[in-house]
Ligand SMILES: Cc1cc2nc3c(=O)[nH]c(=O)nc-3n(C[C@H](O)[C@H](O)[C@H](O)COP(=O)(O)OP(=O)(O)OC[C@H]3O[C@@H](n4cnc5c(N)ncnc54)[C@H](O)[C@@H]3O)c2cc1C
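Coming up is one lone chain in structure tokens, specifically the form predicted on its own.
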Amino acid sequence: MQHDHDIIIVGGGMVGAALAARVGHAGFSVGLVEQGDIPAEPSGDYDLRISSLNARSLAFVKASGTALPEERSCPFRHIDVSNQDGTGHSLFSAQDSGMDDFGIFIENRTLQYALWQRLQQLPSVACYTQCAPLSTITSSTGRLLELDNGKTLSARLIVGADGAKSTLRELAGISVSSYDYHQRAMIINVETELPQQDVSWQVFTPTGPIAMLPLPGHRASLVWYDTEQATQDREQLDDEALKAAIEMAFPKRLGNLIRIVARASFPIKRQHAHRYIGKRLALIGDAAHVVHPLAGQGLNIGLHDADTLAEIIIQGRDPGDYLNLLRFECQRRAANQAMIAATDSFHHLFTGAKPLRQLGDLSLQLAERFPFAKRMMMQQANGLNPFKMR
């Protein structure tokens, strides 16, 4: 049977576009289905949606020939983790972990735009915008995808990268398990008196962590986790009152704020698909899993999904071969389940009852005392093999 593409990817966000760029760069025929339009070039102030790209994610994006604009990204070389009263503290440095840096912070829209720029340079990639899937059925050698614009496409593999509310996942009949943390995260972009830094820090409090993500110039992205009610009350503050609240609650190392640039909040929930694959179908990114954002690993593990799937596709003859998809599921489910367990443990350790918080403090103290353990932890978090000899 003649197919329109080797692979169809539903969802042109960062994870879907990254997979399309990587396998398209390798010469596979790719159809990318996106409900929105082609992303516009970012301009003006920094967007609220900021993500970290660790070493493995950066290598994966660059392996597709995608160029990332340095002027709208910020490298970070240190991660500082502590609790509110200072009894637990650990500083992770890239140099101590055998790396030049831990990665970069970059706007979601900047990364997505750069990936789409690369897609438009690849003759093997076709982008279908302003359309969404209506149905999907399997054939003997592939899968058909009916779109709401009247077009029907076929491929040997269809990949769902269409987010936490994935339409493709629902069409495939794959259910999810979910958990509500009953927290909200408030994201606040600020202008600071201090210049650009290369350290990202997180301070755990009994109601949730507060964090600072550095951005280029005198800019920073602040993340304030708290109860739903406290966050909603904070959202009602005007800019001057919010600035004062930040300066009172956040550590002095943040420095003085010049102004609040933008703000928003979202609920914290966890979600995990019961399976990642079906017949000639795979799920990646938020379509497969949503983790607690406190470790900043949500996008990274989605890109690691795409990296693993891309390598399996490139090495094999048939992108939709079930045994290859099973390899993908086994590798990624184990890794993602470990990340879910780790972020859950951090959440409960530092926001639970006092004995749990004391255990969390002890874990930070132990991490600080054993450099080899710190090195292993950070290389693992960066998607690297901590046992690889240099």
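Values in this document were obtained by computation on a predicted structure and should not be read as measured data. Residue indices: 1-based, along the sequence shown.
Although not depicted, the form predicted together with the named molecule is the subject of the following passage.
The named molecule in the model of the complex comes within 4.5 Å of no heavy atom belonging to S200.
Shown alone here, C131 lies within 4.5 Å of the named molecule in the model of the complex, counting heavy atoms only. Residue contact with the named molecule in the model of the complex: G24 places no heavy atom within 4.5 Å of it.
Contact annotation: G88 falls outside 4.5 Å of the named molecule in the model of the complex, judged by heavy atom distances.
Of the stretches 32-40, 62-70, 318-326, 335-343, only 32-40 has residues with a heavy atom within 4.5 Å of the named molecule in the model of the complex. Interface residue among I187, I210, L257, I174 relative to the named molecule in the model of the complex, by the heavy atom within 4.5 Å criterion: I187. This chain appears without its partner; in the model of the complex, the one residue of N149, Q117, S139, N108 with a heavy atom within 4.5 Å of the named molecule is N108. Contacts to the named molecule in the model of the complex (heavy atom within 4.5 Å) from stretch 157-177: A161, D162, G163, T167.
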